[in-house]
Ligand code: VTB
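Taking the form predicted alone, here's one chain by itself in structure tokens.
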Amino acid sequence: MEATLGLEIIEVVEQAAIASARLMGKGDKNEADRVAVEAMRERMNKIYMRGRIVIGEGERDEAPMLYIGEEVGICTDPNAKNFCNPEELLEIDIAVDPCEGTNLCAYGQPGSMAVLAISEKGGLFNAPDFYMNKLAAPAAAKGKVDIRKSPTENLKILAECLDRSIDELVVVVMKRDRHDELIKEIREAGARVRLITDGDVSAAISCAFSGTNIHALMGIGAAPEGVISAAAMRCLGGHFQGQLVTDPAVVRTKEWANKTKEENVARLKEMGITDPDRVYETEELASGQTVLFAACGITPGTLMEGVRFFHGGARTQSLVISTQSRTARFVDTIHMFEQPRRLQLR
């Protein structure tokens, strides 16, 4: 899979990032997302595969492209039998977020990126459009920290695993009212908090790389992004756990204001999730034998530079991670839209 799709998926996230970056700082998050979706889908449909979107832009009636269940790739064409050999055909599941951190892109803030994860059919958890309590940590703490423990307990364990004092740890938390008590406990335990407004996929992945000065991600965010984070952490050997949240009183968002916990539990059962309190491990959220993750920076972030335009082209930085080759590659690409006046090395 990696040999066949490795370069292809890099180009998919690059094209989405470039399209979205043209809207960077213009204050229109919906348009930044729309153009990224279009660019990502167009490039996907040029790949020799039969892909199925398992995490995307929403259900079909809400999203015209890259909706959950949509099939993409050359081999989904009605005439595919004329040029796609069934014996060589790659059937894959795909999780996408064409513009992760739409607000970050719209307002020119750090950390927006185009991301996707792929695995063989059935290899990615089909996460519902729910919220998820998440815990991400470095590989040294894998299987030792646990989302069922208190933040204070996990910080003590993490400090021991990393041979640091607690006051040397940095925990990323999304700036939401629901996290007030979490933030208070982390600070009282002695650790430092880095608040973010959006984009917790980048924060989760950053835990796996030393030198980022991010040692954990804690708190509640979107479940689909949790699966994408888990796919990356599966490739990197990092720790990730997720637990779906059904109680609107815990989530504290406007869109769930008129919902009840009982209604949310019933909805999960309709989707085949009978244990709403289950804690999902990395290997359950991204269970495939082969998992690939790719991201391209839209705005500058902890892991990657953002898209940089110059006369006649653009420069991107991407990250592709694979369980197959056990590699994490940073890819620096110059895109020449026309004959450029000059190419700058750095």
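Computed from a prediction, not measured in an experiment: that's the story for all the values here. So that there is no doubt, residue numbering starts at 1 and follows the sequence shown.
One more form of this protein should be noted, the form predicted in complex with the ligand, which is absent from this view; the next part is about it.
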property	result
Stretch in contact in the model of the complex with the ligand, which is absent here, among 234-242, 159-167, 199-207, 140-148 (heavy atoms within 4.5 Å)	199-207
Contact test in the model of the complex: residue 222 vs the ligand, heavy atoms, 4.5 Å	yes
Close approach of residue 174 to the ligand in the model of the complex, 4.5 Å, heavy atom	yes
Interface membership of residue 256, the ligand in the model of the complex, 4.5 Å heavy atom rule	no
The ligand contact at residue 192 in the model of the complex, heavy atom, 4.5 Å	no
Stretch 92-109 - residues with a heavy atom within 4.5 Å of the ligand in the model of the complex	100, 101
